[in-house]
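Taking the form predicted on its own, here's one chain by itself in structure tokens.
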Amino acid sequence: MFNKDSWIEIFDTIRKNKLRTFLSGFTVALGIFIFVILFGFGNGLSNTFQKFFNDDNTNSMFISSSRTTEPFKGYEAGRRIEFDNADLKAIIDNFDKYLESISPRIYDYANIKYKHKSNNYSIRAVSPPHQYNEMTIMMQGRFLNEDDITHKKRHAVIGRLVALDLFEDENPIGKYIDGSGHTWKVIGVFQDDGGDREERTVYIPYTSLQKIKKNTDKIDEIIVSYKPEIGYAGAVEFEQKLKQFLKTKKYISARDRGGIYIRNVADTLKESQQFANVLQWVISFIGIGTLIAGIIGISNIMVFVVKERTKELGIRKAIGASPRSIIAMILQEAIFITTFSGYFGLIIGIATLSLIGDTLEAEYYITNPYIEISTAITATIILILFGALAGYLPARKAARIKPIIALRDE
């Protein structure tokens, strides 16, 4: 079936029918190319969702405050809710069975100086568990510890880009920086998957900042980590009970949508993953539709090809060619064209994803688009099989035509 003469004849037919061959191959290659690109973009969007939420530990909750929207127990609407150190202790005392760790967060902003260099950076006053909540990666030195908190030490952990800005090639560990008139000893340098904004941050003990701010005990935000073993259902229960507890403690109506906000990273991540999965299904559906369009296209072309060669097939039958040999000839040609074109489209699609992958994140939020090689090859094989089927059906019909009828075909 696949002898040398057959291949010579196939290439001779292709050479004589360049436009027809090009259209057949282009349809297949374009179908695979679009499928690879769409599927890759879908995976890229999923990567973006994953990257966005990888900045925070998935068993963390961020508790923030705002103004109330309803009057309650003599308090007017629009009252600003504030957290303090007593709220930290109250959460620890009442939610021990859920709680793994807890950290306050106070926000500030300062001009940080070292020798002749200076720049403005975000300040976050926190406690040691904050490293776990934010998944902070230490590059040099250490993070804050309990001794720093207890003794209100002037220690600072600086981001990678802060170290690069102020110290360049100099080792920052043990050096002193000045911020808003206060001197801080650098004890560590960190990096963060959250990106440049996170790495232009300076961490200091929250007790030290409270002392500087006239011994206030105010806190901007509370971050809690719940025990992973309680599961998603337990986390939802913890969130509801925690919100109810804080609203009661701060005299906020249970119906009030303001006052207390809790962002559960696990809950948000689950919703985003569901959205990403739906989006992936939609893109996959479009990609499959593209493959089907390619199959229909190659089918139409193969019907036309066989119809065009009806007289030729009649002559072959008249000089002794069997119906089986005629079908094999057309089938071999169809498989060759679809295989070559399919894998050409596959290679071009994967190469395009690799080429443009790094340029899509900033503007289109598509991070490292990719497609599993097995998925791409499977799609290509499916198209090849249907391409073979598209050639087989009209070829079988043509092989059944009597030579005298085929020779009369116009």
Partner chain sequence: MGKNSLQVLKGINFKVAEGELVAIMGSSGSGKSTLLNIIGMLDVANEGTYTLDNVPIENLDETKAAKYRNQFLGFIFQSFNLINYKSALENVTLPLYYQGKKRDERQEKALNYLEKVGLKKWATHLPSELSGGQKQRVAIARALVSQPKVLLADEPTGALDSTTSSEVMALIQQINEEGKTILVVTHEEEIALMCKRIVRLKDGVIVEDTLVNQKKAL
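Numbering follows the first chain given and starts at 1. On a predicted model such as this, the values are computed, not experimentally measured, just so you know.
Although it is not shown, the form predicted in complex with the partner chain is what the next lines describe.
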Taking heavy atoms and a 4.5 Å cut-off, does Asn119 contact the partner chain in the model of the complex?
no
Answer yes if any heavy atom of Ile319 is within 4.5 Å of a heavy atom of the partner chain in the model of the complex; otherwise answer no.
yes
Can any non-hydrogen atom of Lys249 be found within 4.5 angstroms of the partner chain in the model of the complex?
no
May I ask you to check whether Lys311 falls inside a 4.5 Å heavy atom distance of the partner chain in the model of the complex?
yes
Heavy atom within 4.5 Å of the partner chain in the model of the complex, from candidates Asn85, Ser325, Gln191, Asn300, belongs to Ser325
If contact means any heavy atom within 4.5 Å, which of 252-260, 213-221, 91-99, 311-319 contacts the partner chain in the model of the complex?
311-319
